[in-house]
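Two separate entries follow, structure 1 and structure 2, each one form of the same protein chain as structure tokens.
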Structure 1
């Protein structure tokens, strides 16, 4: 019995040590000043020296103020120090109360008129967002940051290595982080949150659809000038016709499959239809030209044979 206890204690000890090592390794990747902030904002708990009681104190971190340091290092703004976007006064804790009033950067503050990243079309995206249902309902409250976390943002659809599945789950997560999360939703409105599963129950195989198409497929118009349409339309204008996707001129070609379709447009002939959708099968949208030809020839041959036979039957009768 006591032996067992010793084993468990030793085991736990190593667990703690290895956990500490891992945690330190993660933060070692951050710059020194970021590590200072991450000491508190990278964990569920933070400790500070209470100058009134003159004691070290440990408290829970507000879960909405926790920054995922691993995702931070993978995001496009990984080279940034926290103070590039936040006032350097945050260095001290407790943070000064007036810091709460500090306006936060928007993407356009840095990327507006930015030649280097013009291909992302930040200005066009902003115009689309300005015309979306969210902006109309909530104005400045609904900024880019509602969907794009500046601390982890990285393009997914644009990345050639992304599988369609990954694009879908990453993009839908942006919408679901709010539409499936009452606490975030209620920052914006007191209206009851519509239950997505029941508002979309007209769609069969709902789970399958949500794993294979993005919310924006149905909730934004098709655009040719912009990579990801940001203009969320009122619900009345959402796609609800199955054949908008399940047909040869599927809207998915101009949306979710745009990225792959562009690369493969040069090989329009032959297996084009099925090859460009190597990762997805959408009834009605994939057609195989060779199979169509073969089946037409077979059916045509059979019809001709039957016609000749019928003709002979009629002639011989007379």
Structure 2
């Protein structure tokens, strides 16, 4: 038992060391200016010289201000300097209090009106966000950063190599990062806790739905102009009819499976909504045209047989 305990402690020690080395190596790959910021914001603790007491001090970093440098190097903004989005005055510590009052840059400040990013349709997305239930409720307090972590964001839905389950997981995590996180949830509301499960108690097989479809499947309108709709509807206008998804005219074809639907538009042969068959079977949505014809023939034959039987009974009685 004692040897086992020693083994576990040694294993944990080397795990901690390896994680620390990975973090240090990743910080070393950052630019010089970003390393300066990561010295504090890339760790749980930071040190500084207190000019009042004339002593070095060590304090715990606010967990909301800790940046995962590994995730940052994998995100779309990895080549950017911290100063590209944050004021250069942040380079000195203690940070000037008035810096916290300065409005943060929005995505449109960089991506708006630029032909390089036109295919991402940022202007159209901004219009949808401005008409969403979140923006109407919280105004300027609600922006891109509320859902998209700008320090680690990387596109999943737009990545052709992404599996549907990866898209679902990534997109739902954006919603759950607030609606299932009391600390972040109460930044915008004074509700005591998110009522995620109770507000969806009408939905059968909740766990299966949450695992295989995105929240936005039911909480946004179908749109052909934007890859991912950002117009979050009020809960009263959310999808509640099972047939909206579980039918051959499934809204999933215009939302979750939009990425593959363009290549499989035809339903003249084979399976209806055949793009579903790659990773999922949706009851009522996946059908084969030939099986449908055979089913109709069998049903018609049954009715004809019943009609002939009734006719023969009537003739025999006479």
Ligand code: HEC
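C-alpha atoms forming the largest set that superposes within 1.5 Å between two forms make up the rigid core. It should be emphasised that the depicted structure is a prediction, and the values quoted were computed from it without experimental measurement. Numbering follows the first chain given and starts at 1.
- The form predicted in complex with the ligand appears here as structure 1; structure 2 is the other form of the chain.
- In a rigid-core overlay of the protein, residue 134 has its C-alpha displaced by under 2 Å between structure 1 and structure 2.
- For residue 158, a C-alpha deviation below 2 angstroms is recorded between structure 1 and structure 2 after rigid-core alignment.
- Once the cores line up, the CA of residue 119 ends up less than 2 angstroms apart between structure 1 and structure 2.
- On rigid-core superposition between structure 1 and structure 2, the C-alpha of residue 309 is found to move 9.8 angstrom.
- The rigid core superposition between structure 1 and structure 2 gives a CA shift for residue 54 of 2.4 Å.
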